[in-house]
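Single chain ahead, written as structure tokens, the form predicted alone.
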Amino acid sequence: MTNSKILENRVALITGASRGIGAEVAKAYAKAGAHVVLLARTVGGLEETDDAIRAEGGEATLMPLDLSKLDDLERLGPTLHERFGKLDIFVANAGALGTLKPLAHNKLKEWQSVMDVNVTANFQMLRSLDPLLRTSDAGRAIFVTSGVARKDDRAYWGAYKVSKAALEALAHSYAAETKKTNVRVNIIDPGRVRTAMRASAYPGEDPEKLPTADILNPLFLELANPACTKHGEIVETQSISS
């Protein structure tokens, strides 16, 4: 196995793979030899990612799923087991921003929607995928967070902030429970990166002044590598100050 194919024969599931960080990670993993399972709501976006992967000689499987449909996520593990017999890498990247507003102005339905996608969906997927990750000789779970979760002075981001703080707690709990296994669990804080979600949160910002999402690929590859020993860490990348 060459350095360029460090994920040869691995199976990787990436959520939010239709655009942004998820799409770039999927392309990087496929280029490194993994068979990538692309999960997102938008079929057109998934097909674009798939086309880019296949153009480079990679392999992908499309899985159109809405993370807000929580009951459907219970079938994820059995489906992957039937199709591939295993899962080596789980990248929990998909997320919902919600509407930035004072906490008291959030309606319960809006609040719950953000919690469902950012927290409960990942809990449901973890329940379903845990047996496969533990069976892998080097299971990897990578959760994508935001620096907002740890910023005490960030007003109007209540639902998103609380959901990402809860996601970090979820990941740390799973890391503690898998400490004596072959599974490695880590969290990535991508910082300021050019994505559609960031554009929605900062409409006055010039996206051309931000790095593109593929700048994160080396870090995602490092944490997915079977040789990686990091566990239970929050890895902050460039430009976390925003």
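The first residue of the shown sequence is 1; numbering continues from there. Note that the coordinates shown come from a computational prediction; the quantities given were computed from them, not determined experimentally.
Form predicted together with a small molecule: not shown, discussed below.
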query: Option from 98 to 106, 77 to 85, 128 to 136, 143 to 151 whose residues, in the predicted complex, bring a heavy atom within 4.5 Å of the small molecule; finding: 143 to 151
query: Residue contact check: residue 30 to the small molecule in the predicted complex, 4.5 Å heavy atom; finding: no
query: Partner proximity in the predicted complex: residue 124 to the small molecule, non-hydrogen atom cutoff 4.5 Å; finding: no
query: is_contact(residue 196, the small molecule) in the predicted complex, heavy atom dist at most 4.5 Å; finding: yes
query: Interface membership of residue 19, the small molecule in the predicted complex, 4.5 Å heavy atom rule; finding: yes
query: Triple contact flag 39, 117 and 160 to the small molecule in the predicted complex, non-hydrogen atom at 4.5 angstroms; finding: yes
query: Listed residue that, although the small molecule is not shown, lies within 4.5 Å of it in the predicted complex (heavy atoms), from 187, 53, 67, 175; finding: 67
